[in-house]
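In structure tokens, the next block holds one chain alone, the form predicted on its own.
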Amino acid sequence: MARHALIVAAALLLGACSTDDVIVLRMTSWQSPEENALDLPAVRAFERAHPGVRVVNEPVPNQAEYREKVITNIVSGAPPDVLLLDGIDVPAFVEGEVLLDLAPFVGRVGIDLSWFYPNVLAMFSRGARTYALPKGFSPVVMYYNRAMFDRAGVPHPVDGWTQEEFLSAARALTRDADGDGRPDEWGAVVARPFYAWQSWIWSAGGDVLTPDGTRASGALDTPATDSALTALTNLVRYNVAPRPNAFRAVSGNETRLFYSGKLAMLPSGHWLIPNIKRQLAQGKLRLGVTSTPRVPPAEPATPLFASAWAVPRNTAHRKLAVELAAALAGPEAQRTRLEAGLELSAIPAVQEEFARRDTLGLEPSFLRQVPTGRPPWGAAIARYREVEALLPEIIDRVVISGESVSVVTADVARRIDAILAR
């Protein structure tokens, strides 16, 4: 009887331990429910490979709130075990010394850093240290409507085309279909967000900051940048781009025009594809992808926007957290994400395999842009969000208020210098 009681007691104790011994890993990101669903197969595979470990996803949909919450939790000693790191957040997190250097551990969890595109991995690295494993990225490209080009008899653009060729095409593609003296179809667009015209400046030999990243004066206000911005904003004066009066109040004007076949060319990233994937598959929208037009002798250049999985230094489950980050950024997880079309894989072998079987015909064109990509300034400058917030003002003041490009860029450059000097 006593023996039986001991066995029962031991069984109860073991049952209690099996419950108490479940290790919970917390992962967090700003991703939408649809994006989180894409990570679920990798999470479930990780749990199957680690009996007794459960992964709980705690997303924070608002990205600004997300950054504040993550930093607060890390500093207060209650960090998530794995977090999604945007390229623009890398400087603040690295300078705060709150992230684990993953380089010494990745080999033990089946990841080889040489798998990744070097210019993508560079955003999340500092020297020999790697603070996050990229899950995907996108260059900014020039989308164009093949049907509109064909109808106007305009040759399709090719990588390396010039701003002069771009302007010529935009003029030929702008059409007043009903004869009321106003265009009904536009060749081009002048978008306010800086991501849409950063590559335009770079591909003309200009920049926003000096090479050391300490000043805007000497970069944003130089002849090369001013000339590029003049050419861009003149698209409205030439009447080949709609006047962006309402852009402050109404978001998405550019993409709505493009989706409806009223706009021939649009700068954007791979994130556009999920919204139009069905139309593309059904042949209702025929798109092409090419580089941002350049000003010789400058070559095409594009920013690469990426995110990656990181591990806080003070996680209580360091080994498991690194393994989970590796699973979320590994080849299988990236293959799953590719099917949704949100971004390119950060692993060349995975992306090239996908491009070979791409039925939409766009992936090889995206791949050709990757060698021209470089990390945006946000991946290097901690206060860059404040810098970037000022840049759409250039479009407003020149296009809407009619101010001189050189006057506006000089003024904005001085104000950016003040931000960076703090």
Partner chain sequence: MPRKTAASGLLQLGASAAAVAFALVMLLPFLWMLSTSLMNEFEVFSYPPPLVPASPRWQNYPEALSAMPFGRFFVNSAVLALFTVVGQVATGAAAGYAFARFQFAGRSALFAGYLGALMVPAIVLLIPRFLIVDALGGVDTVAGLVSTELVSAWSVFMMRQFFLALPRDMEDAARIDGASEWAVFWHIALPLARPALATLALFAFIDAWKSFLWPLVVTRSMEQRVVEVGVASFHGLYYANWPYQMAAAVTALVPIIVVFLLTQRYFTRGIALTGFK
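Note that the structure is predicted; figures quoted are calculated from it, not measured. Only the largest set of C-alpha atoms that superpose within 1.5 Å between the two forms is called the rigid core. Positions refer to the first chain, counted from 1.
As for the form predicted in complex with the partner chain, it is not shown, yet the points below apply to it.
K.L.:
Tell me, yes or no, whether residue 59 is in contact with the partner chain in the predicted bound form, where a contact means a heavy atom of each within 4.5 Å.
P.N.:
Residue 59: yes, in contact with the partner chain in the predicted bound form.
K.L.:
Should residue 114 be classed as touching the partner chain in the predicted bound form when contacts are defined as heavy atoms within 4.5 Å?
P.N.:
No - in the predicted bound form, heavy atoms of residue 114 and the partner chain never come within 4.5 Å of each other.
K.L.:
Is residue 224 a contact residue for the partner chain in the predicted bound form, using a 4.5 Å heavy atom cut-off?
P.N.:
The answer is no: residue 224 has no heavy atom within 4.5 Å of the partner chain.
K.L.:
With the partner left out of view, is residue 78 within 4.5 angstroms of the partner chain in the predicted bound form by any non-hydrogen atom?
P.N.:
Yes.
K.L.:
Run the contact test on 141, 214 and 362 with a 4.5 Å heavy atom cut-off to the partner chain in the predicted bound form and return yes or no.
P.N.:
So, no: the whole triplet misses the partner chain.
K.L.:
Would you kindly say which of 174, 233, 125, 253 lies with a heavy atom within 4.5 Å of the partner chain in the predicted bound form?
P.N.:
Here the answer is residue option 253.
K.L.:
Which residue among 30, 46, 366, 377 has a heavy atom within 4.5 angstroms of the partner chain in the predicted bound form?
P.N.:
It is 30.
K.L.:
Out of 68 to 106, which residues reach within 4.5 Å of the partner chain in the predicted bound form, heavy atoms considered?
P.N.:
The stretch 68 to 106, when checked against the partner chain in the predicted bound form, contributes 68, 69, 72, 73, 75, 76, 78 at the 4.5 Å heavy-atom cut-off.
K.L.:
If you line up the core, does residue 59 shift 2 angstroms or more at its C-alpha between this form and the one not shown?
P.N.:
Result for residue 59: yes, a 2 Å-plus shift.
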